[in-house]
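The chain that follows stands alone, in the form predicted on its own, written as structure tokens.
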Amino acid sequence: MAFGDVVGHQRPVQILRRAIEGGRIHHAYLFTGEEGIGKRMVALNMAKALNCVNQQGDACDECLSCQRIDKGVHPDIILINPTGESIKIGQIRELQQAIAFKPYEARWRVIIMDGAERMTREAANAFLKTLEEPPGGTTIILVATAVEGLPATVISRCQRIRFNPLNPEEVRKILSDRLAAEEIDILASLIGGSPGRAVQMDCEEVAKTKAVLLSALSPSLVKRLHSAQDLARYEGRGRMFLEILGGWIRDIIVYQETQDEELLLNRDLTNEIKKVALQQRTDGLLGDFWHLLHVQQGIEAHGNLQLSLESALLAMKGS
């Protein structure tokens, strides 16, 4: 894949292409954004573009350099991933030894550290000198989701490039080669603009959780309490249900305002959404939505999933 084949992320790609074409490569970059949205892929594309034999500012995907990077066997493209829960100082020491000499064959040696926010404090401190002054012909790309986990001294030494979540149509385009359209419809409200997240999900489990939605919003408060109790038995399913509920409310509001089915996340529930949208008031739905956000935040504070589910379902008025 070349820069020209990247779906979405127009601004980051444009910044990187201009830097390569103008010969103004920064010594260190920090790619930030949610997990699974394509940061690592763009980093690898940059490595290819910097070393492609046939293209200027992009990759041809055909030359030996591009093919070796795609296969993960290029000697001058170094990938660092967490071992276990963190990136340890031993990995930094090994890297520093590996880059003490000139690149074997590449115009640019590229170091890509995925999960950079998981460096231990000792590893980050040991990495500072290399990050500030890497050897000639070397650029470093840190890929991170939670930039708050990185020391300010690391962040300040990098050119930061923000990657935003992909829009629903971009996500669908990427996933169309991996998942059936029906599966994408089922998962869409939980993806949050991240194709990588969708691929990791159990579509059957999501479908089972979605099937509870309408019964959990029964006019009967007793039925709502029973639904909350059933969902709370499996923490993963209960938390997933709250996410699905948020997407459901969001879709009803969007359809009320636009009448555009293409904007819905839960396209598998289009008929139900249209029906409810005709019956409810937007102000009530907005109240439901903000209450749900408050409930989700409260789970982290008190950890009582059943209480949170009961609070969310009993308070629902507009949906």
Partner chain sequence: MKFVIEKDMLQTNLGKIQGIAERKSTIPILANTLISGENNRISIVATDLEIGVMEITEATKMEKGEICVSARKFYDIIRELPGDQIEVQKQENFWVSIKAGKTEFNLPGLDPKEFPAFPSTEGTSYFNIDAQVLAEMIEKTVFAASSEESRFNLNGIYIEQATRDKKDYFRMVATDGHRLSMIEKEIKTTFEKGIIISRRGLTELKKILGDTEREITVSLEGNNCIFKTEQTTVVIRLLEGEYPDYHQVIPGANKKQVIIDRREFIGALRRAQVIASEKGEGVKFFIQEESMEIKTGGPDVGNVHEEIKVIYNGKPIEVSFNARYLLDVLNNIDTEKITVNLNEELSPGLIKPMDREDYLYVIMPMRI
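Numbering follows the first chain given and starts at 1. Computed from a prediction, not measured in an experiment: that's the story for all the values here.
The same protein also has a form predicted in complex with the partner chain, omitted here; what follows describes it.
None of 218-226, 153-161, 92-100, 202-210 except one has non-hydrogen atoms within 4.5 angstroms of the partner chain in the predicted bound form; the exception is 92-100. Only one of the listed residues (Glu169, Glu132, Glu235, Glu105) places a non-hydrogen atom within 4.5 angstroms of the partner chain in the predicted bound form, and that residue is Glu105.
This chain is displayed alone, yet in the predicted bound form one of Thr270, Gln259, Gln67, Asn54 has a heavy atom within 4.5 Å of the partner chain; that residue is Gln67. Taking the partner from the other structure, the partner chain in the predicted bound form has no heavy atom within 4.5 Å of any heavy atom of Gly149. Although the partner is absent from this view, Glu117 stays clear of the partner chain in the predicted bound form, with no non-hydrogen atom inside 4.5 angstroms.
Shown without its partner, the chain has no residue in segment 29-63 with a non-hydrogen atom within 4.5 angstroms of the partner chain in the predicted bound form.
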